[in-house]
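Just the one chain here, the form predicted on its own, laid out as structure tokens.
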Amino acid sequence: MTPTPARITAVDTFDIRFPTSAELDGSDAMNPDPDYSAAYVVLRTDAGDGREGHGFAFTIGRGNDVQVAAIEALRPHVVGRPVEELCADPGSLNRDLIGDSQLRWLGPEKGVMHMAIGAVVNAVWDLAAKRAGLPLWQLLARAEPAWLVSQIDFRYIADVLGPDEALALLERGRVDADQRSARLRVRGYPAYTTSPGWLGYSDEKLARLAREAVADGFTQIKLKVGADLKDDLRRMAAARAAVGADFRIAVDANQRWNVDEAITWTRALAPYDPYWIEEPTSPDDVLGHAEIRRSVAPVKVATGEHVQNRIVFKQLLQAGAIDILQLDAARVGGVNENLAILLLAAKFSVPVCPHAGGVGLCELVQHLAMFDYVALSGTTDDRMIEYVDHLHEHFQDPVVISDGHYVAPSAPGFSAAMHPESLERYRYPDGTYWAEALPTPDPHHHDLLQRKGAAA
């Protein structure tokens, strides 16, 4: 008798929140008190091998309950799917999730629902890589180019990049891929650090962390800017004094400015030689970015962590609006859409410097950048992955930084799995941390409100 194929039996969700606002870790001009959070998903199967698929969407606090609900809305599309078929073709689920017309209405292909799709699709890729016994970057780098092309949705980008050209880019990228893979395992992938630059840090802490970054082998740091120009000029002076004249300093406004403000502010910072200005205005304003880029050169313009999908990236590239493309592992519809974005960047010869930090974004995005180096772009010139030194201890396969480089992951999967103890402690609102930290409701006050409601 033919054995019954293993299937996905459960899609478990968790609202995980970390109190990063207590130390102002992650603070910037737009988000002064973030509590870094993850709408976390686990795919369970009846395969009996203990393997699970882990994924998440990164948020910063109260919106996480909405994000968790969005993931839960996708459960009917996932439960019951044959595991082997799903892992052999994650694109099939990607297409079904994007194609749910009633949920698509909430996007389409953007916002909370699209991030939920990304979390679930990334969990499938995590499961697929574990079943293959490979870290995700190697699974992708070893994959046949034609199969990778089959995983990409070319709708809305085919006027710029179609399957045939994508296949040619990937076939060209395979030349000498084995040698690059070997070099990657020895040297790692270049990183830069944002850890010194949070807006809530004192000048003394900024300067100390900047000097430590130089000593640790980094070649670039990043500072948050945009709240007060006088403060930014003072902080840039402190950072430049700490790292020296030849060290790269990028600056990040986190969408704070109008177009004219972005130009004026960036020009004011120019004496301190910023390498790029990141998210100078709304991530949806393609033409605004193009105008800023024309006006602030030679300072480069970078954006991408809040770009909603491959279609907006296509327009940013078509319009010559960015010098640096900053894809995010959890903002768009998962690995499949990020493959399309990497291919678009390769076609336009725009360097990719992925966004990271947050909760687990460093763990995820390293795989995408390493695949890009090994099997697509073939270079790390002017390419770096952002690094932020917090929350890695909650992951079973955390990132490792050595001499300013990401060490290539070797464990099977997408590096997305968190420790069960962290899920239990930081689950909101009833995890052990939050049960102690949140104020205890007043039963008398609750009863009084109920009585008032009944009387009304």
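All values reported here derive from a predicted model rather than from experimental measurement. Note that residue numbering begins at 1 and tracks the sequence as displayed.
As for the form predicted in complex with a further copy of the same chain, it is not shown, yet the points below apply to it.
J.: Using a 4.5 Å cut on heavy atoms, which of Glu72, Asp273, Asp203, Asp89 is close to a further copy of the same chain in the predicted bound form?
T.: None of the others qualify; the residue that does is Glu72.
J.: Go through Gly217, Pro82, Pro145, Gly111 and name the one with a heavy atom inside 4.5 Å of a further copy of the same chain in the predicted bound form.
T.: Result of the distance check: Gly111.
J.: Can you tell me whether Gln67 touches a further copy of the same chain? I mean in the predicted bound form, with a 4.5 angstroms heavy atom cut-off.
T.: Yes.
J.: Going by a heavy atom distance of 4.5 Å, is Asp126 a contact of a further copy of the same chain in the predicted bound form?
T.: It does not: once a further copy of the same chain is placed as it appears in the predicted bound form, Asp126 has no heavy atom within 4.5 Å of it.
J.: Is there a heavy atom of Met115 no more than 4.5 Å from a heavy atom of a further copy of the same chain in the predicted bound form?
T.: Met115: yes, in contact with a further copy of the same chain in the predicted bound form.
J.: Answer with yes or no whether Lys130 is in contact with a further copy of the same chain in the predicted bound form, where contact means some heavy atom within 4.5 Å.
T.: Residue-level check for Lys130: no, no contact with a further copy of the same chain.
J.: Counting only non-hydrogen atoms, choose the one of 205 to 213, 237 to 245, 156 to 164, 379 to 387 that falls within 4.5 Å of a further copy of the same chain in the predicted bound form.
T.: Every other range fails; the passing one is 156 to 164.
J.: Going through 50 to 66 from first to last, which residues have a non-hydrogen atom within 4.5 Å of a further copy of the same chain in the predicted bound form?
T.: Counting only heavy atoms within 4.5 Å of a further copy of the same chain in the predicted bound form, the contacting residues of 50 to 66 are Phe58, Thr59, Ile60, Gly61, Arg62, Gly63, Val66.
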